[in-house]
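The chain that follows stands alone, in the form predicted on its own, written as structure tokens.
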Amino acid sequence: MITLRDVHKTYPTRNGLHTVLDGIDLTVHPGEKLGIVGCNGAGKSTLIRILSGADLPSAGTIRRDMSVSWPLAFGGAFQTHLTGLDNLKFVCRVYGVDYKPLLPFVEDFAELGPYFREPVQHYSHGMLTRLAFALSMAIEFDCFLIDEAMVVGDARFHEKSHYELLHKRKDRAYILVSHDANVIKMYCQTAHVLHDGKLHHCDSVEHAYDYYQEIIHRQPDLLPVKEL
């Protein structure tokens, strides 16, 4: 189980402290498929980084009784001067896993060919995304964190990613954060809405969807133009 209690996150600005998360309470159970929907800038990525341990809260407590992934398809932690292979070795060293049995899977899944042995700094965005997702799938976790990763790659890679995460690991928990409420409806069993720093707990995915629609109709400027 993962438990957050009264979690706050603030950042200093020239105009004083900016509050991104304001007293978040959340419990995630083994095997739960939880969606968190919110507009752009609502703090979804901040929350997912805190859940993963990549960032620390300004206040509050977090308890993780399950192993938790980093955000899927998140390439921000790459050592860019290293090759894709060296990054695999680095990640495996961090998690205490032998990289050699994982090498065939990562090479095949990432579809980088000879570039797998070239420095990551020369990769395109698509190549970085494929490598990041492959590394995410190479290490097994009890709970996977998905930050907008449902739109990874082209249609074929998209389908392959879904199969690895949503079918082969269907017994695991995952937390999916997105500004697309339709994605939440499609993949999650429960859902909450993040708005104005508060996590609004909903008793069903439909309730979360309806509440989110109310928010974006009141404040349509919070969404990208393509979603209006």
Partner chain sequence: MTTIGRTSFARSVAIQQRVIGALLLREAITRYGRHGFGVLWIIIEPALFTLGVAAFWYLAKMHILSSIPIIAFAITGYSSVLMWRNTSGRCSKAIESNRPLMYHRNVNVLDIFLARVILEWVGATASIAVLTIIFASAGAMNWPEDPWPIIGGWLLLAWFSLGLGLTVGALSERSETFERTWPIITYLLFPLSGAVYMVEWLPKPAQETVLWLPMVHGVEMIREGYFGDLVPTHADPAYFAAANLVLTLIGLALARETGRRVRMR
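Residue numbers count along the first chain shown, from 1. As the structure is a computational prediction, the values presented were derived from the model and not from experiment.
The same protein has a further form, the form predicted in complex with its partner chain, not shown here; the description that follows concerns it.
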| item | value |
| --- | --- |
| Listed range touching its partner chain, judged in the predicted bound form by heavy atoms within 4.5 Å, from 46-54, 182-190, 161-169, 32-40 | 46-54 |
| The single option of F157, Y115, F105, F90 touching its partner chain in the predicted bound form, heavy atom within 4.5 Å | F90 |
| Answer option from F109, F78, Y123, F144, heavy atom within 4.5 Å of its partner chain in the predicted bound form | F78 |
| Distance check, V28 to its partner chain in the predicted bound form, heavy atom within 4.5 Å | no |
| 4.5 Å heavy atom contact, T129 and its partner chain in the predicted bound form | no |
| Residue contact check: D65 to its partner chain in the predicted bound form, 4.5 Å heavy atom | yes |
| Its partner chain contact at G197 in the predicted bound form, heavy atom, 4.5 Å | no |
| Any residue of 107-144 that, in the predicted bound form, places a heavy atom within 4.5 Å of its partner chain | none |
